[in-house]
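The data below hold one chain only, encoded as structure tokens and taken in the form predicted alone.
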């Protein structure tokens, strides 16, 4: 029985990943652990001394507020960055996607296989975060396991649209701006470090339409039992809409780039 076409694309990406998996896993575990120690415990100790601050966080400690959000933010940053220069490389420098397109693989199958790999790599990174959360009693719950798939969907909500964008580029000059003015502001203002109701009135609705905020709300509600995740169906629906739109965009841009 022949291997499914999308798995062939996935396998090619996995073979490249075998060369860097150690550094990726170390970063996936080490970076959130440092955030938890420095921000969650260090800064959190100062915040928890203020009764008003604890009330604004819904009655939980700052560590409990921050830690689950790192599942979603790590997925966004990791998947987002992997969808820029690495994807462009397949079209422009290594031409591996063009080589795939010279076989019976179609552009849609290549895009779908790449999306499957994005999900796999994001899952590996998010699992490292989950292991870090399991080291602390406040976040050592079964909800961490349920939050991992939510974080993976969050990663895909960024990876697929950005992969579609990368497929239209002939250079990486726009990528630093995407990180500087897109991913980093969402990382800081998406609800990971403080409730978005602390934002200016005009900025709060902007945060609410991002997939990151919906993923953070779900992850926090799943990991911390005392936190209400809100309307789970709405959160999942918004994230899924970004994933579907990104996949459809990839089908179009990959086809335009790879078909003669």
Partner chain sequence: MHGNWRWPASLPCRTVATVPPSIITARDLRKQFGDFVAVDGIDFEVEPGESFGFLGPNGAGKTSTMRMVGCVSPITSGQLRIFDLDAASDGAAIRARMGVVPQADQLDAELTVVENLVIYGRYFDIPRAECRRRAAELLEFVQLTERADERVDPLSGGMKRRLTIARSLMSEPDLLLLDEPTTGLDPQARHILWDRLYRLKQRGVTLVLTTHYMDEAEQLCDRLVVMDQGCIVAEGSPRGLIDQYATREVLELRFVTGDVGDHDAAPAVDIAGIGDRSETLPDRTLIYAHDGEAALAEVHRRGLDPVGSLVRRSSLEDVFLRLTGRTLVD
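Numbering follows the first chain given and starts at 1. The model shown is predicted, which means the values in this text are computed figures rather than measured ones.
The discussion below concerns the form predicted in complex with its partner chain, not included here.
Enquirer: When its partner chain is placed as it is in the model of the complex, are 24, 27 and 124 each within 4.5 Å of it, taking any non-hydrogen atom of the residue?
Expert: Checked in the model of the complex: no contact with its partner chain for any of the three.
Enquirer: Check whether residue 94 has any heavy atom within 4.5 Å of a heavy atom of its partner chain in the model of the complex, and answer yes or no.
Expert: Residue 94 belongs to the contact set for its partner chain.
Enquirer: Would residue 103 show up as a contact with its partner chain in the model of the complex if we use heavy atoms at 4.5 Å?
Expert: Within the cut-off, so yes.
Enquirer: With a 4.5 Å heavy atom cut-off, would you call residue 180 a contact of its partner chain in the model of the complex?
Expert: Output for residue 180 is no: heavy atoms all beyond 4.5 Å of its partner chain.
Enquirer: Applying a 4.5 Å heavy atom distance criterion, does residue 99 contact its partner chain in the model of the complex?
Expert: Yes, residue 99 sits close enough to its partner chain in the model of the complex that at least one of its heavy atoms falls within 4.5 Å.
Enquirer: Given a 4.5 Å cut-off on heavy atoms, tell me which of 74-82, 139-147, 168-176, 105-113 is the interface stretch with its partner chain in the model of the complex.
Expert: Only one stretch passes the 4.5 Å heavy-atom test: 105-113.
Enquirer: In sequence order, which positions of 224-260 have a non-hydrogen atom within 4.5 Å of its partner chain in the model of the complex?
Expert: 258, 259, 260 sit within 4.5 Å of the partner.
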